[in-house]
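In structure tokens, one chain follows: the form predicted alone.
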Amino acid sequence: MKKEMVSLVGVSKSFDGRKIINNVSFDIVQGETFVIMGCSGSGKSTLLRLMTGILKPDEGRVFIKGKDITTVGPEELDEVRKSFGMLFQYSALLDSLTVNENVALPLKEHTKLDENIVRIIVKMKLSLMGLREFQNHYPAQISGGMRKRVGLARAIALDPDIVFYDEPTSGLDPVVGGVINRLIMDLSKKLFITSVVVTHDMSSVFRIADRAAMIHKGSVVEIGTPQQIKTSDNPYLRQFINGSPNGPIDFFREDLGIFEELSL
């Protein structure tokens, strides 16, 4: 039986009396690519922040590799965070640092490795991303897709067991998005990294997911394999997959507070 890497048990979170996450529970196992999908404002980004310890739930528990991160102090949480990496939606690279320096940053911040070892590790990570020749460039000098790959190289700099992805293909053309999806699959299958991907890109879901969960108004409405997702008769899921304006997801009637949630 595969080890549980991320577990949520009855997790809920509210802001200003409005419940954003409502009693969410699921397990993500070692080596799995687990996709969390849903419309804008559904709560999936808030859920990602809960899983990475940026937010604490009002109710429920979040486990990373068996450690309950809802009860640990800041120092213990920092130790847990060394076991996972994060690819941010807009890469979050430091413009004043070169590609090489951006990838080296977590190694310098969290280890006492010799400078030569750091340099070797950075070259290895950039090689995995096909970016060795761009190591001395600054973020402003490379394309959006390259910045995503630099962000991913930085996310795996410490050889994490888990990588969280926030909208990894957002803002990319289909070809570059396909490259990012292939890298996610390669990391999962070849390095046995557990991948947790937040997205609303259905092409990515069907290409990379081992399992996917759809979130609507803070609740999980469906979890399954890509085949189960495709054949589900869940009306929320069908509307989301088909991109239909007609169905139970009615933004004008139900989601008038969507813009408030987008800022959370």
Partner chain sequence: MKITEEKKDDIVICKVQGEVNLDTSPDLRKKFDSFISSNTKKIIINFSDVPYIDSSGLATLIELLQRLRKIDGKFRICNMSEKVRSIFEITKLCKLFEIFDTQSAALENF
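Residue numbers count along the first chain shown, from 1. What you see is a predicted model, and the numbers here were worked out from it, not measured in a lab.
The form predicted in complex with its partner chain is left out here; the points below concern that form.
- Contact here is defined as any heavy atom lying within 4.5 Å of its partner chain in the predicted complex, and by that definition each of T111, I120 and L158 is a contact residue.
- Site annotation in the predicted complex: the residue of I142, M124, V72, L94 reaching within 4.5 Å of its partner chain with a heavy atom is M124.
- By the criterion of a heavy atom within 4.5 Å, N116 is counted among the residues contacting its partner chain in the predicted complex.
- At a distance threshold of 4.5 angstroms between non-hydrogen atoms, M185 is out of contact with its partner chain in the predicted complex.
- The stretch from 167-175, 86-94, 134-142, 186-194 that comes within 4.5 Å of its partner chain in the predicted complex, counting heavy atoms only, is 186-194.
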